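Before any questions on how it binds or moves, here is one chain, the form predicted on its own, in structure tokens.
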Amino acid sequence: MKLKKALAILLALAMAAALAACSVEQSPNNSQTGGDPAGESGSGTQQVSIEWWAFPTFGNATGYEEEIIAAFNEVHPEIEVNLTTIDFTSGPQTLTAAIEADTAPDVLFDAPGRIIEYGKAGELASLNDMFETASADMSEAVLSACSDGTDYWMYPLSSAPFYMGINLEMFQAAGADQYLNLEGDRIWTTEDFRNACQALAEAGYVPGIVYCGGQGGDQGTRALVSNLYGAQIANEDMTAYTMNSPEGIQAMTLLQEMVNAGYLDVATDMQAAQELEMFQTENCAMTFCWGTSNAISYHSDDFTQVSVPFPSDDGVPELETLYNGFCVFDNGDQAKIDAAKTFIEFICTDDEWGPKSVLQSGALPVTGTFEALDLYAGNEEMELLSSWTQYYAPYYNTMDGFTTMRTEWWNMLQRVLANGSDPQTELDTYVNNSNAAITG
């Protein structure tokens, strides 16, 4: 009897050990769902899982996000990163819905326009601690784009201007290339732009499409309007929107006349993504939303894609700036917040993967350390874009009321260009409603 009892005890112990082994196998990251109720591995390292949502700044389906996660996990195996890619058309609505449902990601790769709004609304974790030493390596312009003036909400990776793209062969076939300047900084005038569009239209091409179906890529249409006659989107101290100036009215009047004459198309059902697809498939001769990431995502070998600044009446463009960066949502879990910051720091500052990430974004570095590496040595396109930094316009994307202003903008374009409404009346409405969101 004693022997049977001993065998029974040994059998029970063996079964318990087997069950414990199975439990570990089912949780490869040894996370809190595994055999350790405290959420710690045998080495005492806490296991954390974070969600990363990314707009396609690294290009569409390049696989780079998966590469960077794998490289990060070689250094930080204790942090699991789950990736979700979102697009610029439906992504903003998807984010809004997730925030409202308390299912926001831990990390978002985006731009300041949305990120600063999320920070002001109390949705994000402050990144002030990440800037304690990093800020010395960044310009005031970069630092300003990452902050609301009180807290830092975005950690930057790279920057670049926004500009236009043209189909060189279409311009040449229509004789519109005579109005292009492909030397030096490639500056061209408002008159050049109008004449080129007329020549393209008369040759049977769709010159360009003023898209106004939503906020996607709206910086392109604002840059077009503001540059034509030197209108300012906001005042100098960034306290009010000002596009209903005589220069803004003149620009909207010109665009309305060009649409009426057939020298430009207007599309109330398009955002930038659809306009870029039209450009990529040679269904229009130019895009108003060209930039470093879009030049990657919408590249075509079927024609020559040429970058040009926005046309201006005085030959001195003011270009809007793209800043790529990361924010951390405050989902009430400090371990996830810390893990998210560690992940962001790796992507942006690691000696090997930091420069790789800048290059993959197709934009320019934002730190003096990486600028000194001369990442784009011998790249004529990037040397051109670097020369355009002298034309950067004041950065208004962190202003109060920015979200409202964007909605008011594309609705104003619809009323003026599609419905034929009076430019001054509609610009007044746009400015009044946008400024009301600041004071309200």
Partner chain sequence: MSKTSMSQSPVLRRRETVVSYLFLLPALFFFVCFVVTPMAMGVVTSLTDSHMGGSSFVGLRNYVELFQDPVFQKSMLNTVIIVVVSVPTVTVFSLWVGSAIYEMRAAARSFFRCVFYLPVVTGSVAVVVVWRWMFHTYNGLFNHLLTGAGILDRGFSFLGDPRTALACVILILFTTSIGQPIVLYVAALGNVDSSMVEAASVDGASRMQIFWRIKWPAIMPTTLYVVVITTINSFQCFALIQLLTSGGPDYATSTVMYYLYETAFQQYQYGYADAMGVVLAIVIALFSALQFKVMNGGTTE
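Take the two forms, superpose them, and find the largest set of C-alpha atoms that agree within 1.5 Å; that set is the rigid core. Computed from a predicted model, the values in this text were never measured in an experiment. Numbering follows the first chain given and starts at 1.
Missing here is the form predicted in complex with the partner chain; even so, the following discussion is about that form.
Although the partner is absent from the chain shown here, Glu100, Glu117 and Met278 each have a heavy atom within 4.5 Å of the partner chain in the model of the complex.
Proximity of Asn419 to the partner chain in the model of the complex falls within the 4.5 Å heavy atom cutoff. In the model of the complex, no heavy atom of Ser159 sits within 4.5 Å of the partner chain. The closest non-hydrogen atom of Leu224 lies beyond 4.5 Å of the partner chain in the model of the complex. When the partner chain is considered in the model of the complex, Asn411 lines it closely, a heavy atom lying within 4.5 Å. Residues with any non-hydrogen atom within 4.5 angstroms of the partner chain in the model of the complex fall in just one of 201 to 209, 76 to 84, 172 to 180, 237 to 245: 201 to 209. Checking Asp269, Asp129, Asp333, Asp302 for any heavy atom within 4.5 Å of the partner chain in the model of the complex turns up a single hit: Asp269. Scanning Thr403, Ser386, Gln46, Ser49 against the partner chain in the model of the complex with a 4.5 Å heavy atom cut-off leaves one residue, Thr403. Scanning 313 to 348 for heavy atoms within 4.5 Å of the partner chain in the model of the complex gives no residues at all. Superposition on the rigid core between this form and the one not shown places the CA atom of Val206 less than 2 Å from its counterpart. Comparing the forms between this form and the one not shown on their rigid core, the Cα displacement of Phe329 reaches 2 Å or more. With the core held fixed, Phe55 shows a CA shift of 2 Å or greater between this form and the one not shown.
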